[in-house]
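One chain is shown next in structure tokens, namely the form predicted on its own.
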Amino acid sequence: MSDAVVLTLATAPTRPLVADCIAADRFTSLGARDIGQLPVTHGGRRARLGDFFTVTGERSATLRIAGDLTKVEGIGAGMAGGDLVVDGSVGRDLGRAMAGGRIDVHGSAGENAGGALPGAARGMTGGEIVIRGGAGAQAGAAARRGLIVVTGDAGPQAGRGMIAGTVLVFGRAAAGAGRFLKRGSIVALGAIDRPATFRYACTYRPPHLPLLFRYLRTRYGLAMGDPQITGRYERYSGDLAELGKGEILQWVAE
């Protein structure tokens, strides 16, 4: 057993590389050779993980990945445990339908981070995804539980159809954030383009946010300032076109 499995991109994909075999909990019983033999799809053709990545370490629930992964899709899909750290940006479907564990991306992420398979009713059901950059459209779509943090801007429809869980956006949340939200929270530290189907409820200091922010500052080293930790938030209830039991919390002041 190693302290960590490390994947280093050696051959950059020229087309989308679907590598949903990459998940920290799947490597706990695999040696380096077996990890390299895992199947991937490159431009619709079958290949092996080892055709693109060098593998060091084995049999660990801690996974580190390095390289320009913007064409690599499905990293952490279905992950149920362990710790996955990415040094670089990633493609779409990061942590799609994950159930547990932590994913920490030191870069941006493509569409559908923590989201669902096409046509599926549920996306992420647990765990944490921290994206230290921007996120594409529909981050947290159809999530049932879990936490997604985006330190940059979030693309359109963040939290679309979310049933429970939390999406925290440091930057701007684009149009459609929280659309069809049933339950759960979208926390906006920057500007947010709210759907018209959300209604202002009150301005207050949510008691759970300081706990969350201090956790993120301690666990991930995120720059959570005291103004956000102790500040006031406008609460908007919605989506009133659905159950109306979700919320958008927008930071307004200390």
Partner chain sequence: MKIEGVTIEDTFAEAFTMRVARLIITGRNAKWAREAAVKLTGFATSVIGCKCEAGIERELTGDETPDGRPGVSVLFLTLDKESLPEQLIVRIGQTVLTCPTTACFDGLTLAPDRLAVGKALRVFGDGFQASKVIGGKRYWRLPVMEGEFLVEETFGMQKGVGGGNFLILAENADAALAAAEAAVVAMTNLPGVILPFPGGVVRSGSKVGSKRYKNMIATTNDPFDPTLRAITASQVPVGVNSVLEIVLDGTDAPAIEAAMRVGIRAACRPGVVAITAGNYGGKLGPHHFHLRKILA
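Bear in mind the structure is a predicted one, so any value in this text is a computation, not a measurement. Positions refer to the first chain, counted from 1.
Absent from the display: the form predicted together with its partner chain. The rest refers to it.
Next on the checklist: Please pick out the stretch from 198-206, 40-48, 25-33, 57-65 that is in contact with its partner chain in the predicted complex, where contact means heavy atoms within 4.5 Å.
Outcome noted: So the stretch in question is 198-206.
Next on the checklist: Quick check on this chain: which one of 165, 136, 101, 161 has a heavy atom within 4.5 Å of its partner chain in the predicted complex?
Outcome noted: Selected residue: 165.
Checklist entry - Is residue 145 one of the residues lying within 4.5 Å of its partner chain in the predicted complex, judged by heavy atom distances? => result The answer is yes: residue 145 has a heavy atom within 4.5 Å of its partner chain.
Next on the checklist: Is it the case that residue 184, even though its partner is missing from this view, gets within 4.5 Å of its partner chain in the predicted complex, heavy atoms only?
Outcome noted: Taking the distances in the predicted complex, the answer for residue 184 is yes, it comes within 4.5 Å of its partner chain.
Next on the checklist: With the partner left out here, check for me: in the predicted complex, does some heavy atom of residue 211 sit within 4.5 Å of its partner chain?
Outcome noted: Residue 211: contacts its partner chain in the predicted complex.
Checklist entry - Can any non-hydrogen atom of residue 73 be found within 4.5 angstroms of its partner chain in the predicted complex? => result Outside the cut-off, so no.
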